[in-house]
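Given as structure tokens, the chain that follows is alone and in the form predicted alone.
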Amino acid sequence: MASPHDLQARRETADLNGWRQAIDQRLAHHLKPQELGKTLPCNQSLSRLWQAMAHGVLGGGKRARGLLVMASAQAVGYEPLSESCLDMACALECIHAFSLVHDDMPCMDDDELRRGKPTVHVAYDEATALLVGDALQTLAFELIAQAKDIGDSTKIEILRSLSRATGARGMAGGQAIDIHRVAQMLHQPELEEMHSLKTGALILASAEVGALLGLGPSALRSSVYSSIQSFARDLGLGFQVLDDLLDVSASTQALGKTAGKDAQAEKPTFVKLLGLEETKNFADRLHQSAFSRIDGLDDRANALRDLAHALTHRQH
């Protein structure tokens, strides 16, 4: 079994690159209005909305959450490139994109750059950006509901997981904490809790959705499912800790978004709380812990291991 140390010098695997391309192709398919409704009246206003949705989703992004769906599915024996798995990956990417579109708006973080291009409210307007976020969220649930080869009981558990991750117990709750604690110092347990909701909840849901595809509702009683959940919790927090590091160490060009934005906005961060060196050590500990959570899984989980390495050693 490969250890984190063995993976230090490895590049992202060809499988993950191929999966990312498959997600992008499937997203492009779903973001054409004629593909989702042949009778949709494609007048100028509706066409503009679909164009803005595509702007917010396509043309960049790590596809980390979609890849996590696919890697978790493969870990439990489900075909990651099946149509149903790809549609679940697309659903997670739509949810993530909706959160970014809303997060970038002037009433939230007020950012003008995302994935190296103007944010949706800049490229279009604020009202359109609000509608884009709403439409991407509902598109995600539509993709789940209409997915083929997934039983209704499994769909219910997938919907439950994703609903929890996006609402007050997940992203919305974490964002509420974030916007109301500007210029305030949080203790580490509080900061971890905020990010477990704001960032970690959707990463956890991505892993849960992939595992549910292969295990079905019985996943809730499975030790494998529990291992993947624990792995995703560590990965989600580690992902955010690294984000805090990159915000102070990477350039705007490398990040594809405004560097130093958190410091300018006086957001609570791990770097502010712990200092640069201890934040790096904390990120390393979370990386090691994530790997240890899936030590007992067989080689089908290698995509999870490769993805964890790629996400915790990224430069943007």
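So that there is no doubt, residue numbering starts at 1 and follows the sequence shown. Because the structure is a prediction, the values reported are computed rather than measured.
What follows is about the form predicted together with another copy of the chain, which we do not show.
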property	result
4.5 angstroms heavy atom contact with another copy of the chain in the model of the complex for G173	yes
Contact label in the model of the complex: R114 to another copy of the chain, heavy atom within 4.5 Å	no
L46: touches another copy of the chain in the model of the complex, heavy atom cutoff 4.5 angstroms	yes
Partner contact for A232 in the model of the complex: another copy of the chain, 4.5 angstroms, heavy atom	no
The single option of T128, S84, Q74, T199 touching another copy of the chain in the model of the complex, heavy atom within 4.5 Å	T128
Heavy atom within 4.5 Å of another copy of the chain in the model of the complex - residue from E142, D110, D149, E79	E142
Candidate spot R164, I177 and H180, all three touching another copy of the chain in the model of the complex (heavy atom, 4.5 Å)	yes
Residue stretch of 236-244, 101-109, 199-207, 85-93 approaching another copy of the chain in the model of the complex, non-hydrogen atom distance within 4.5 Å	101-109
Residues of stretch 153-167 in contact with another copy of the chain in the model of the complex (4.5 Å, non-hydrogen atom)	S153, K155, I156, L159, R160, S163, R164, T166, G167
